[in-house]
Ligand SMILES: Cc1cc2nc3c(=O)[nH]c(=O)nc-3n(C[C@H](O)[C@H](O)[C@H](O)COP(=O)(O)OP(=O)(O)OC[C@H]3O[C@@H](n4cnc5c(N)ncnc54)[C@H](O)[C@@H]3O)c2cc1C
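Okay, here we've got a single chain as structure tokens, the form predicted on its own, with questions on binding and movement later.
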């Protein structure tokens, strides 16, 4: 089959779907995107209200993939990459009634109350410990084995609350934090591996993936607009609420009455069964074992901030502290033009895997919790925000837990059985924005390789 004979459908106009479609079109393929909502971007939505610019969905990404940096280079004429202000890059951890700065190097790493002296000394022996042998070891098991209980409690647990809204006791390292897993497997230790990697990179050409926190000037929706512009409005169908994909023959699919040689799905696993009724139920049951964290986000804007100094990226809360928030992000501190000059913009996150019941709380109860937690944790004498918005995400973040290996195998089996079908999206290959960009580019690259 020649390139000009292909007709590719991309299901979902989130970041993965749009990135995939953008590169497919750039490589000369005919592509059509189908989206159930009346807007592109998926959960990425920027809002502008009362002098504040704020996000629902992801607020930032980490430039951890070369493909993400290259996408921004390709779209430079239509959107501007923004890195977080370095003066506000401090990360806080809540412990015993106050915030403590997370510091992994220098004098502060020795004096910090976040870790016990036993574990601080134990770290000295980390490079000499044997690598784990269980490929399905959880993050909690790995951290206890290599770093100690206090590192798990006060560093890794809150970190995973911020990234996955998840539980380190169930997230499998190989899938949830693959770079950490392979650091140990390839080099024998986290510390030794990190040092060796840094030395190796000095001998290589400069990398574009600098791991810095990024957004887009004046809002992430400008990235979405740039992708839509380059894909073309005529190639994106919105409001496809009754969409059903049919397998009509050998590498032939019907989508919304149109015939396609290939279908690339970028939707969540929870939506696959209704969209693809021809997929075997046994395989779908395996895929659907994966859980999603339910998260509630409260955005607060203050024209005149009167709390503690907030020159920081944000703060995370260990679950052992028994608070009703996962963390508080401070985008007005590290991104330009998000809040008035003397004001503040906060994103407060609640719920997650450990407290799913919070998703069902009424708006009134959510507001009460936000007031109580923010007043105490952020040093406010009174709580009078000039902006308060509540967002709920029933399928916020997929959890790469014990079922991950079976899930990946089931996806592979389905793609083998149904030629022309690709099952992508954040149910595999990482949950971050840079991971989504990489997956979309990788899929498009494979098409370009297969159909030269």
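Worth saying up front: this structure is predicted, and the values here are computed from it rather than measured. Numbering follows the first chain given and starts at 1.
FYI, the form predicted together with the ligand isn't displayed, but the following is about it.
Residues of just one listed stretch (189-197, 271-279, 128-136, 303-311) have heavy atoms within 4.5 Å of the ligand in the predicted bound form: 271-279. For residue 411, no non-hydrogen atom is located within 4.5 Å of the ligand in the predicted bound form, even though that partner is not displayed. Using a 4.5 Å cutoff between non-hydrogen atoms, residue 31 does not count as a contact of the ligand in the predicted bound form. Looking at residue 243, you'd find a heavy atom of it within 4.5 angstroms of the ligand in the predicted bound form.
Remark: residue 266 counts among the residues lining the ligand in the predicted bound form, judged by a heavy atom distance of 4.5 Å or less. Contact with the ligand in the predicted bound form, defined as a heavy atom within 4.5 Å, holds for exactly one of 112, 170, 297, 230, namely 297.
No member of the trio 64, 82 and 334 reaches the ligand in the predicted bound form with any non-hydrogen atom inside 4.5 Å. Counting a residue when any of its non-hydrogen atoms is within 4.5 Å of the ligand in the predicted bound form, the hits in 417-448 run 425, 426, 431, 432, 433, 436.
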